[in-house]
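The chain below stands alone, shown as structure tokens; this is the form predicted alone.
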């Protein structure tokens, strides 16, 4: 995501830190690299020029007292990039027990239906009783797509297949929808914001009284997002924006800065195709990740979105009772996969974002976790419930390896990790007060490291 901009920012900060003298030539080079990267990220050229001029002017200011020039320039660079993206995190204020409603708008191909399901999954993981409502009566496939997505994330979907009037559909389904804490409304799109679409949106808004009207914009339209956000804001009174396809374009900088210019706050960004590839947009954390400094808040949010609280509570109880088997271990492996790819997780961990970890190594770790899941699927129920019988009979290990396309060494390594996890839970109280949704505390990790030394490997 915005890799060239992140690289240019890191290079700029490194140049400042490494410069013996911050002369005019050094500052010019830093600004030029930054401007080039911003233009590649599709940020408006006038904004880029303004930013460059401002940094150069501030860098030449000799009146700043009590701070080193390097520190002063570093802060200017950071603050100006943040001004481009926005200075604060905007959050939806929703209450459990109240019938909150969010209406999603957008043109064709903007990702409304997918964003509806991601938004639904996001709040369902946070304890809201959520439903989705399909009001795109013009595109038959939209209701089918929403229904399919609802099944995948186990969220109820309401729609009327034969009804061609979205207002009548809402009126008919309203009594059922009032039973939910949150209703996500997926509306129709068009190729452009024409009068017909505006009239339909306004009639729906008048009937539904949504708490939020949110526009979905795909990141790859870049600077054109400004015009789109402004038009929807003027015609439909939108409260904010969801930007989709953040992972697949270099133009995302244009979309982000354009929305900030129109004062349409970006609430969420879509970073992939899975339901959990969805996160709140926090400009400070976003810049921190661009600089390779990590984003722990974002990582914890990802974990919370990927992990089902009730299943984690059961896993914790089974661990404490010593009833944790390989099927439960497999469920934990799946949760790890839901959090995101290794590269996404690494970039969010402070200190590791700048580390040059080979892609093939990250890929190997992801591959290993998948192989372990396949291995468990190749076992009998007796082996899953009593893994110790596998270790005693090498013929079983050979059969499982052959059936899952793994090696006997990989099966032994998996069994070792499983045994260590059980030992942690039943050994000496290292997992006392452990909450899987929050992870291990620093104290618990120190205990584990001391107890097991180098035994825990991935």
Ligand SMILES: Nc1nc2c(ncn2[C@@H]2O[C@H](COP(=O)(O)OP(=O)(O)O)[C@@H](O)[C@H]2O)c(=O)[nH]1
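Every value quoted in this text rests on a predicted model; they were computed, and no experiment measured them. Residue numbers count along the first chain shown, from 1.
Just so you know, the form predicted together with the ligand exists too; it's not on screen, but the next bit is about it.
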Review point. Taking the shortest heavy atom distance, is residue 247 within 4.5 Å of the ligand in the predicted complex?
Key: yes
Exercise for review: Report whether the minimum heavy atom distance between residue 153 and the ligand in the predicted complex is within 4.5 Å.
Suggested key: no
Check your understanding: Is residue 111 close to the ligand in the predicted complex, meaning a heavy atom pair under 4.5 Å apart or at it?
Key -> yes
Check your understanding: Closest heavy atom of residue 270 to the ligand in the predicted complex, within 4.5 Å or not?
Key -> yes
Point to revise | Check all three, 107, 118 and 145, heavy atom within 4.5 Å of the ligand in the predicted complex | key: yes
**Study point:** Segment assignment from 120-128, 76-84, 271-279, 379-387: heavy atom within 4.5 Å of the ligand in the predicted complex
**Key:** 271-279
